[in-house]
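Each of two forms of one protein chain follows alone as structure tokens, named structure 1 and structure 2.
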Structure 1
Amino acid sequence: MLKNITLGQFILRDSLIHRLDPRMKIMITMLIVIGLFFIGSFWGFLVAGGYILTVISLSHLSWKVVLRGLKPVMFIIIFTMVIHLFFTRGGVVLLEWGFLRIESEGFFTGLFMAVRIMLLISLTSLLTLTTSPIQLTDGLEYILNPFRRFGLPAHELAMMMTIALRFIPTLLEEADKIMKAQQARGADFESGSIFRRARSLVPLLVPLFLSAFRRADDLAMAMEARCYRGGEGRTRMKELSMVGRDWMALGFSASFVLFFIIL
């Protein structure tokens, strides 16, 4: 499961999506996410899925890499479906067994919410898979800069968010190493019920938290040694600039959002 988490990972490719301005990619992602919550039919989800498949094709990424990110949240997807399946009432009774009853409204609502979650996870995974951590920091800082007049530390906040995303694959790799070391000493993480397997993961938490704090301390010392002092007066090696392809991507995405909302 640890290897299936794609959030925070970046895969370098020479593609149109990778070359887009990070500010535009963040804004487009936010636009599509908001649009997904306005969809009221499966036809809209079909169009949104076609849009995501188009982006995957243009980014030269394997669709298996994107779909792999759905495996860690499959429990949440199934749980959401089951809750709606048995507790949402309305429509025709599809199945009745004792006190359990499944109605058509619950079935379609559960499926509807599951598809929405899958599209949201796939879309947000594409943002981190096609944007390097440095670009993501610069893009977030530019977007948050207007709020600095209200006292919001734009650079520091963008840096913290990006470091948190960047540390996800690192911590997952560390957790995998600890798990293999404990399995070599006789620990069992795979047999038994789901609750027993969850309890068996508790011994992972202490060394994982110690490792996380040690890495955070090393990072802080490295930043101090390089005289890092936040965003005041800092310059960039590569300044961000939006070109024609960025505005074309925004127009293309906005058209799709309007189309699947209308559907």
Structure 2
Amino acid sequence: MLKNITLGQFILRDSLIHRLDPRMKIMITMLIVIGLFFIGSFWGFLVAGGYILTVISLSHLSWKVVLRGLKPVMFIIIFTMVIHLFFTRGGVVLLEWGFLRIESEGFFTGLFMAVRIMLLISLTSLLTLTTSPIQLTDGLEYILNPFRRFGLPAHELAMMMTIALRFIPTLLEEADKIMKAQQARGADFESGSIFRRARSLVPLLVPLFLSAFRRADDLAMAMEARCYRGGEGRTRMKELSMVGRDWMALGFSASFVLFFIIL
């Protein structure tokens, strides 16, 4: 049950996309995300879809892996589409059946919204699929660094993210173990009404939180024992540096954004 969570999964491949500088990848992703909200036409979406397909093929990942990231949000996508379909008014009436009425405006807005969400999700999951968590947080730290002047703890935020990502599998494993232990005492996590099921999570969640706190405590102690005191004066073994292909990627993506906004 807990095994199909692919949140923030990274798949190592040797590809152009994997080798790009993480800062550039984050910035390009932001650029495209913003761009996606300005698309107003069918052709724009088609071009944006083409862009994402190009990136997928360049990343040497199978499109199935990327599509898998859409599964958890499928409900939201369908929900948005249905709401727009029936409740957005305007344009010609396409279908009328009792009190239900579908108008062309609703049809197109719903469709565009659904496509937009799908493109957004596949784009962002492409970012995490091709960038290791360490690179990702490193890149974020660099990008956030200028804001330190205004009191933003960039290094600390990045460190928190690294640690959180690092402990996802550990906590999943722990949850599995506790679940089994409670099942051995006759706990039932799978049947009953929704209230019963929510209540049955207490024997799982209490020990899980306790162990998370225990781990956090141990980790903090271990970090202090190794003289960790935040980002002040820290140097790195691997400095990030932008090279030609990074700027080319930016140019390529920016022209795409321009193109699909205009369309």
Partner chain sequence: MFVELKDVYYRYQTGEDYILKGINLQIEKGEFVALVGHTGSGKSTLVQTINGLLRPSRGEVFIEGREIGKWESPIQVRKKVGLVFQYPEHQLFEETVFKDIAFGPKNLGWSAQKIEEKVRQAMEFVQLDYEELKERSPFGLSGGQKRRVAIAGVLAMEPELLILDEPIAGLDPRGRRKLLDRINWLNEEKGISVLFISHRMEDAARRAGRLLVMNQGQIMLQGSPQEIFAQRDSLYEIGLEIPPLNEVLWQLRQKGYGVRTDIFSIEDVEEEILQHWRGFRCSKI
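Rigid core (definition): largest C-alpha set, two forms, superposition within 1.5 Å. FYI, numbering is relative to structure 1, first residue = 1. Just so we're clear, the structure is a prediction, and the values are computed from it rather than from any experiment.
Tell me which of the two structures is the form predicted together with its partner chain, please.
If we ask which form is the one predicted together with its partner chain, the answer is structure 2.
Is there a C-alpha shift of 2 Å or more at H60 between structures 1 and 2 once the rigid core is superposed?
Comparing forms between structures 1 and 2, the H60 CA shifts below 2 Å.
Would you say K180 moves its Cα by 2 Å or more between structures 1 and 2, aligning on the core?
It does, since the K180 C-alpha is displaced 2 Å or more between structures 1 and 2 after the core fit.
If the two forms are fitted on the core, does G49 show a Cα displacement reaching 2 angstroms between structures 1 and 2?
No, shifts by less than 2 Å.
Superpose the two forms on the rigid core, then give the C-alpha shift of A220 between structures 1 and 2 in Å.
Core-aligned C-alpha shift comes out at 4.1 Å.
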